[in-house]
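One chain is shown next in structure tokens, namely the form predicted alone.
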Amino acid sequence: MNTTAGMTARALVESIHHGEMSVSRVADDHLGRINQVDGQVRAFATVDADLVRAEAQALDTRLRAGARLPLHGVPIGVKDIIDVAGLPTIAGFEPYRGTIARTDAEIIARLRALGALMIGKTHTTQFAVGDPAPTRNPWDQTRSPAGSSAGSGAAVPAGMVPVALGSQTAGSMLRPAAFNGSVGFKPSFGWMPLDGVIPLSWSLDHLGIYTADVSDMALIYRSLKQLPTDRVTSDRPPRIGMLTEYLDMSEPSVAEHVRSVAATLVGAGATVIETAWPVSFDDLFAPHQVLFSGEMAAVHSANLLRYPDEYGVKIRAGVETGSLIPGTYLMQARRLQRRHARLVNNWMRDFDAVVFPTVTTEACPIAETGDRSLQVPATYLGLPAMSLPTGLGPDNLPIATQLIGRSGSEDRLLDVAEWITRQWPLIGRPQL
């Protein structure tokens, strides 16, 4: 039996606009796919099939009335720290299980206005920190799907949704993209209001998007930002800086893979220059950790006192440690963050993007969530970053190439990513 599950968002919208299928059919197919494979992957925390079908019928009614919305009928998985009206926002925290959101988060309201269909809430590590979520990697269930956007990062390559939402405060968008083999995009800091999203660190929290390919990513991002979605992608070969410090931090197989991608791009006309940012990794990582821990403590200290037995080991330790950081250290870290962002942003004027691995390794064992080191710089600096699943490593697990652009350069970064995927195709989905 043919199913719409596994189709791209662009293909779904085109078929719905042309009357070739209904939103209700799309909803049923994706609910069926979730029922079929989520017992293995455990990507979803909450799915209300009745609510999904009711919303699908409402979108079909609008379609019959002549509406042709930019994301008409596209199923979306939503990380479970983001409010969706009528569904609980559990955030991996049992005391919140019965808390039903009364209104949509800002990003959900915008997606609904574009015609998207919220299919359910995806698992996260507790409050988007630390201890692993119940999700399994669709490539190998003994390996980690990473954190904290584990459910969203796994749901897309598992074919349960074409699009999912996540968040990143250290590496929680890009690492799940790399481990699970999806395309992950963390736009610039502040690209989308965080109303209706449980905070972790006000200076670092970013929302992001998962898709199966770059074309869908461009559709979702540009629709949300009210930019043209049908423009012709630039064929200009990009000028790319390859950051050797971050290659040297990676396992040899990962570094060799990214160098192979770069060599292919040079052969297709790109300029790739081995170089370094004006600030070292250590000088970026240290103030990020101060901001992360100190602001997390400010968010969670009172709640930890209220629910001392419900917090996981890692987040509890992080909150308790962060509570010891003096306010003057936080102020200094924010000052350094602004200074470093200006330095790197100015330095990157000569490049369309910089490139290095998304993660230093393939997916680690299930008990951990992986190394966040290489995802932290773009988060700390507030720069747009994308993870492309460009290959499989020695363990037959995804390896990803990371692209980072200047602040506000999302549109050009999407063009660069599309150009790259024309020269170096992305990997397919795992077999489930």
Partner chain sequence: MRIDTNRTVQEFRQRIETDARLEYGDERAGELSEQLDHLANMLAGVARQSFDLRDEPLPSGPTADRRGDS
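Residue numbers count along the first chain shown, from 1. Bear in mind that the values here come from a model prediction, so they are computed numbers and not experimental data.
The same protein also exists as the form predicted together with its partner chain; that form is not shown, yet it is the one meant from here on.
Colleague: Taking any heavy atom pair closer than or equal to 4.5 Å as contact, tell me whether residue 339 reaches its partner chain in the predicted complex.
Modeller: So residue 339 counts as contacting its partner chain.
Colleague: For residue 316, is any heavy atom within 4.5 Å of its partner chain in the predicted complex, or not?
Modeller: Yes - in the predicted complex, heavy atoms of residue 316 and its partner chain come within 4.5 Å of each other.
Colleague: Can any non-hydrogen atom of residue 333 be found within 4.5 angstroms of its partner chain in the predicted complex?
Modeller: Yes, residue 333 is a contact residue.
Colleague: Consider residue 307 of the chain shown here, and say whether it contacts its partner chain in the predicted complex, taking contact as heavy atoms within 4.5 Å.
Modeller: Residue 307: no contact with its partner chain in the predicted complex.
Colleague: Taking 4.5 angstroms as the heavy atom distance cut-off, pick the stretch from 185 to 193, 205 to 213, 258 to 266, 316 to 324 that is near its partner chain in the predicted complex.
Modeller: Of the stretches listed, the one contacting the partner is 316 to 324.
Colleague: Can you pick out, from 328, 226, 346, 142, the residue that has a heavy atom within 4.5 Å of its partner chain in the predicted complex?
Modeller: Contact check passes for 328.
Colleague: Note which of 103, 289, 271, 244 lies within 4.5 Å of its partner chain in the predicted complex, where distance is taken over heavy atoms; exactly one does.
Modeller: Looking at 103, 289, 271, 244 one by one, just 289 meets the 4.5 Å heavy-atom criterion.
Colleague: If you apply a 4.5 angstroms heavy atom cut-off, which residues in 137 to 163 are near its partner chain in the predicted complex?
Modeller: The stretch does not touch the partner at all.
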